[in-house]
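In structure tokens, one chain follows: the form predicted alone.
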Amino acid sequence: MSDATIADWDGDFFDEAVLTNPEPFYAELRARGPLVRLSRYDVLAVGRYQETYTIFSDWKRFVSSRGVGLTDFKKEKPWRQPSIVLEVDPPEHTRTRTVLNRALSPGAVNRLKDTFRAEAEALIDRLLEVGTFDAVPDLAEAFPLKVFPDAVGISPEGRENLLLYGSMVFNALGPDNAPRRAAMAHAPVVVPWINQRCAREAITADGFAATIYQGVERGEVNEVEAGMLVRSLLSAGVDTTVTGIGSALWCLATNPDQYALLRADASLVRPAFEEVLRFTSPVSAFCRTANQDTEVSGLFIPEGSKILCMLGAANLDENKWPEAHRFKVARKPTGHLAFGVGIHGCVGQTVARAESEAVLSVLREKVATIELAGEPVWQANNSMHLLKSLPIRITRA
């Protein structure tokens, strides 16, 4: 281990101007070294690809069980009961993840692809009739709010609460700032609604949730844990896909040459979406906590250190991705960190890919041009990089 020390920086990732335009912060973070201490929050931050990958994938040294936000569950009480899949480590994580993996198996997702395709066609046909619209509520939110809760097996009423709940979950990972307070103000209505929708008696007999509850009969989880796993699906399975689809539309509208390449080659649908994920990183940052004295890149990290892993910064690291600041649909960015890495990698990524690829496939077939019809507006969120509004104009192929 070298004598190098971790430098302090007063940069504020959670400033609303940074949350809505994080790239300058990301670049400064990478330039300052492999690890930096954000002095105003007394947390470490990492934004280069190799160190972010190392920390994020090493669950033994850098645990999730002490919270994936700024709050250290060993020292402070979390705002809700921690997730029994995202905020636990093996062996507990292995037990609950097994149940989720079965529910979201490749076979289960493949059976939904025709439905996703049909819903995407119907929605995009309607939007082609309109021509100019806000792509966030009218497409990026409308599509996942229909197909994903259907797949989980929850009723149609009140699904807008899923967006409010996702906002609570992701903003709660940050400090007590305006985005967090605004999101948490919905808790009195949203939390009882989500708990009721996750109960066994509220779900259909043929969705992901029903498969999760079969784990109770197998003795793998109890009734309460099954409800919490359904909650985990609903908290993480909507906002991330909404953000990914919205970001894809923004990327294609602002890079018409790349949309032309996509339209010319159906095989680019999958790599194009992976490039959207790398380029925009819907989940911008998650924390890990050092569970022992350790080191990374020769820098000493004491036990108990919170480390803000800047996935958005790592995915734009020029040392990993040549021309990282260019959106290129043919890049095939294997190894991007948008879905995490290691045992805590996004359990629903197969569903997110299936939904997003259905939308992109229909777009490239039916839509000749996508262009901005107004100024995009980004939403301040403590751990997601998402659009609030995206006025676009589309023309029929």
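All of these numbers come straight from a predicted model, not from anything done at the bench. The first residue of the sequence shown is number 1, and the count goes up from there.
What follows is about the form predicted in complex with a small molecule, which we do not show.
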Among 133-141, 108-116, 268-276, 167-175, which stretch has residues whose heavy atoms lie within 4.5 Å of the small molecule in the predicted complex? 167-175
Taking a heavy atom within 4.5 Å as contact, would all three of Val85, Ala236 and Phe286 count as contacting the small molecule in the predicted complex? yes
May I ask you to state whether Ser232 is within 4.5 Å of the small molecule in the predicted complex, using heavy atom distances? yes
Even though the partner isn't displayed, in the predicted complex is Arg95 close enough to the small molecule, meaning a heavy atom within 4.5 Å? no
Residue-level contact is defined here as any heavy atom of the residue lying within 4.5 Å of the small molecule in the predicted complex; does Arg80 satisfy this criterion? yes
